[in-house]
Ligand SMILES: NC(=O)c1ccc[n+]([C@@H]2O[C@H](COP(=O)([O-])OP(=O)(O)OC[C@H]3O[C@@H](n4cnc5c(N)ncnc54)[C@H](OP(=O)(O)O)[C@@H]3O)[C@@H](O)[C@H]2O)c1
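This document starts with one chain, in the form predicted on its own, laid out as structure tokens.
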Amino acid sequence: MTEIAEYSRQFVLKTRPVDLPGDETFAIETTPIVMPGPGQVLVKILIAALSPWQNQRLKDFKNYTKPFEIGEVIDCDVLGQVVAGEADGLVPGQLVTGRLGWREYALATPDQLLRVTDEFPDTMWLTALSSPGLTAYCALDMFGRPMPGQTMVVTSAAGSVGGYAVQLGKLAGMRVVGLSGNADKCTLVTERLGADVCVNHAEPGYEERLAAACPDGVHLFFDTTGGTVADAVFDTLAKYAKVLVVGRTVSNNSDRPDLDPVNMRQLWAREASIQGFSRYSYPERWGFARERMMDLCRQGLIQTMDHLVDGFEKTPGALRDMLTGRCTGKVLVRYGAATPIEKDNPA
């Protein structure tokens, strides 16, 4: 039999942060590992994926997601390995993904898990083939409807979702202008992801340089951030433009949404339309989007980006680094390595 630890550590919410979370925000609890019952498997967490919505849920104010309760395990998507139990074809050794949280081991049922194959690198199942890639694909497929020759602007273009929006826009034949607050990230967005231009919004003259990058106006605006950076894009909208609101990180991480301005005068003047989008409202589309992203990855048409941190204890610091813009692509924390599965000797 494969050796399994007796105890599992997990991060729970200890106190709510005012702005960015720190080490004092979380507590580590140690709990005995419970072996799976009928219809369950025990999953060893290998890699945890971090997302901006985790910071939003640390705070107790009205938002699109339910806040974490004090003492609740911090939720997130993970890559894991079944190490005990059998259910619905899941057996020890199988790699899976699921939303199991910041913990070392978790009990799960088959409906909570997606089987992982070795066709793609492990981290790709938490990036291009998970929420980041699927969010970009579903939003553009369902509501963006990109057209060749049109111009699309993408905020946080080197981010976990924005990076895929850039690439999908280029595959659709669009002129793509990325926005980022870091010169090195702008270089990555153009040279690796293929954007036509990337404008550094942290440098002086941002609005003028953005307008120069979009001489025909912006036909599609893919926004995940909101705030003044996004607000400036409205001055460059083309007539009948579409604004696809995939996130509002600036206001979603604050209890003062009024600090997130919206240039409604220009939206009205261009007769633009605004479409809000959350991937979690369309679970019936995930399978289709994943299959399409798999096809694009097989053809080498999609570049994946991730920032991998080693060590369970480093999870809170990795979240803070992500929220302060120190990372590129999807931030992942490695909790452990896959365990070789020993077969019982029938003799």
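Since we're looking at a predicted model, the values are computed, not measured. Note that residue numbering follows the sequence shown and begins at 1.
Unshown form predicted together with the ligand; subsequent notes refer to it.
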Point to revise | Stretch from 145-153, 159-167, 84-92, 262-270 whose residues place a heavy atom within 4.5 Å of the ligand in the model of the complex | key: 159-167
Point to revise | Contact of Ile47 with the ligand in the model of the complex (heavy atom, 4.5 Å) | key: no
Exercise for review: Classify Arg175 as contacting or not contacting the ligand in the model of the complex by the rule of any non-hydrogen atom within 4.5 angstroms, answering yes or no.
Suggested key: no
Review point. Would Thr127 count as a contact of the ligand in the model of the complex, using a 4.5 angstroms cut-off between non-hydrogen atoms?
Key: no
Review point. Taking the shortest heavy atom distance, is Lys242 within 4.5 Å of the ligand in the model of the complex?
Key: no
Check your understanding: Are Thr30, Thr97 and Gly336 jointly within 4.5 Å of the ligand in the model of the complex, each by at least one heavy atom?
Key -> no
Practice item. May I ask you to choose, among Pro110, Gly101, Gly181, Gly217, the residue with a heavy atom within 4.5 Å of the ligand in the model of the complex? Key: Gly181
Practice item. Give, in sequence order, every residue of 304-329 that has a heavy atom within 4.5 Å of the ligand in the model of the complex, or say none if there are no such residues. Key: Met322, Leu323, Gly325, Cys327, Gly329
